[in-house]
Every structure is written in C-alpha cells, then in structure tokens.
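First, one chain by itself in structure tokens, the form predicted alone.
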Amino acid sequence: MEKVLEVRDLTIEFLIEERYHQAVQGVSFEIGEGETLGLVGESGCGKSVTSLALMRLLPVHTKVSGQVRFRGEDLLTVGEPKMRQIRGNEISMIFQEPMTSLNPVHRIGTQISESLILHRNLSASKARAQSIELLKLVGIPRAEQIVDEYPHQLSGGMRQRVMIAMAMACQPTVLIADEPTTALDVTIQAQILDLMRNLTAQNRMSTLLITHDLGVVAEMCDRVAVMYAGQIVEQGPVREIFRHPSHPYTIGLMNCIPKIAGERTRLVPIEGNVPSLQNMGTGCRFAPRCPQAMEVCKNEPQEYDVGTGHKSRCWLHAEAGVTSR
C-alpha cells in the first residue's frame, strides 16, 4: 500500500513560564492510500496538538521538529505560500468543536465557498451552487435555505455536517478528523460516522481519526495508534490490538469498556492521573500508574515488535526477549 502521509519523530514543545516543555515526543506513524488510522488516548495526551502540527496551525513560539512527509515534501519545512495551497485543499481537517470553528458572523455558504474560490478558482455563483450540492451530499435538508443561515441557527449535528462539507469541498487526499462526534447524541454520532465512512470510501481518502472512543475506532479504523503523555505507546492493526493488547496502558483502556455479553463484572479504572507537561519525569511515562512497573521502567523504553505490524513501547517485551526495531 502506497504511503500518503509519513510522520517521523515528531516532537512539539510549548513555552511555559519561560521554559520549553515537551507536549509530544518522538511520534511516528504513517497512513496508506484509502486507509483510516485511529489516534487514541485520554484528554491531554497530545492527539489534537499532533493534528495541528501536521496542518502547521500551532502558535508561533511553539518548537516543532521531526518530519511530516506528504507527496515527497516535508510539510514542516515548506514555505507558507506552499502550505496554504495544501491546507484545506489536499489536506483538510474537521475540527473538534464546530460551534467555535465556524465563524459566527458569516453565512454557512460563504464559509464553504471560501476554499472553493481560493483553491478551485470558482466564481462566487458557482461556489455557492457547489456549496449547496455539498450540503446535500452530507445529508442536510433544505440545503438551498441552510446555505444562507448562520451557525447559531443550526443544531450540533447540522454544524458538524457543515464542517464535513467544508473539509470535503476540494476532495482532499488526506482528511484529519479531530473528535468528529464529540458532544453529539448517540443517534447523531452513528449518522456522522456512517457519513464519514461513505465519503472517505467514495473518494479513496486517507484519514487520521482522532478520538478517545475505542468503539469508534473498532467501527471506523484499519489501524490504531495508542497515545499516552505525548508518546505513541502501541500501534498496529485494529483487530490485532483489540484481540491482543500489549501495552499495560492499552490493556487498561480495554478494561474500561463495558461488556454486553457474559457475566457482569465491575469495570477496572486506571489509577492515577496523566502527568502534566512540567512533570513528565524520566523513563516510562506510564510507570507511575502501571500495575506491572519494574525497576527498569525508570529508563526510557524502546519500541518492540510484538506481532505483524504490531509495536509496543514497553520493557515487558524486552523481558520476554522480543527484538526491538
């Protein structure tokens, strides 16, 4: 499978009280053509920051290093004019909160038309007509009227559909979806996920789906990367990781999922809290919360091959004699 997006050793540092602190460290993953990769983890683990770094949308004083390769170019080093051509055109993003991502003082049609006028050189009238077609495509009724309304006049599910229409306007190669079903009720969540699945399949898009919901990952993704405290601790095919989770953090996440079949048992929470940026500590970042922590966990673990395309960053696999990459 051809690699569409390759991320290598992505590290992100924020300036806090005159010192730089790592929010993301050494993150590496790749997405193939037509593939959906799920990026999973607790709130504050660095998922959204990673997506913003791919789009070059982080604050000016943020330090970003590593590589983000798209069509043979490193997006972290290309000039801003080139990045403007790519952003919203070849790589689009569905942001986490549509009410704050949509401009409240512009009509829906104006906001969808913007990328069509900029990237496809359409006239205002043709862009408006295309915007109406996009609204119909994402299942919005009364598209001819909705195109002239403002974000506050729409429900949460409708606003999310508008965000998808905006992201799909230029038929991007890569779609980044940051928590696309947050704050939506279960019925609307299912509709949005079905819509995204159908649209990405029709256009053979590669998708980075950011979520904390393992149920969404199981339904939508081909592969999954599990993130904790700014690092990817495990990644591999979805079925492999759901059947044979390898990292203690992934196992902890699985234990938090209610099971419908079988005997009713109490859910097992992960003890403790995610470390703050100023207090990441040394060695394995999950060690203070890990029930299997060892003395060696005071040192930084390597990433080990634990199956076909399945990698885990944990000293337990060194103890088992598994070869690191």
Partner chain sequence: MTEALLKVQDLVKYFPIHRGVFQHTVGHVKAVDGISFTVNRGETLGVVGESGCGKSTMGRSVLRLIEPTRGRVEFEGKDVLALNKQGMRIMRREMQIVFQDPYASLNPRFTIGQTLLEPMKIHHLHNPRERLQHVYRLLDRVGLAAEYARRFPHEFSGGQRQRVGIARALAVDPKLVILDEPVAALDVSVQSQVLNLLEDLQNELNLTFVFIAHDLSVVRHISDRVLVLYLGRMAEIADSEELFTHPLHPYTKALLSAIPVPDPDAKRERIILQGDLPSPANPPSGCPFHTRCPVAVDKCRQEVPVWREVQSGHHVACHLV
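C-alpha atoms forming the largest set that superposes within 1.5 Å between two forms make up the rigid core. Numbering follows the first chain given and starts at 1. Source: prediction; values computed, not measured.
Form predicted in complex with the partner chain: not shown, discussed below.
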{"query": "Interface residue in the predicted bound form among Val138, Ile251, Ile210, Leu214, criterion: non-hydrogen atom within 4.5 angstroms of the partner chain", "finding": "Leu214"}
{"query": "Heavy atom of Arg243 within 4.5 Å of the partner chain in the predicted bound form", "finding": "yes"}
{"query": "Ile270 within 4.5 Å of the partner chain in the predicted bound form, heavy atoms", "finding": "yes"}
{"query": "is_contact(Thr187, the partner chain) in the predicted bound form, heavy atom dist at most 4.5 Å", "finding": "yes"}
{"query": "Proximity of Ser155 to the partner chain in the predicted bound form, heavy atoms at 4.5 Å", "finding": "yes"}
{"query": "Segment assignment from 296-304, 64-72, 271-279, 30-38: heavy atom within 4.5 Å of the partner chain in the predicted bound form", "finding": "271-279"}
{"query": "Residues within 4.5 Å of the partner chain in the predicted bound form, restricted to 66-94 and counted by heavy atom", "finding": "none"}
{"query": "Core-superposed C-alpha of Val296 shifting 2 Å or more between this form and the one not shown", "finding": "no"}
{"query": "Shift of Ile257 between this form and the one not shown at or above 2 Å (CA, core fit)", "finding": "yes"}
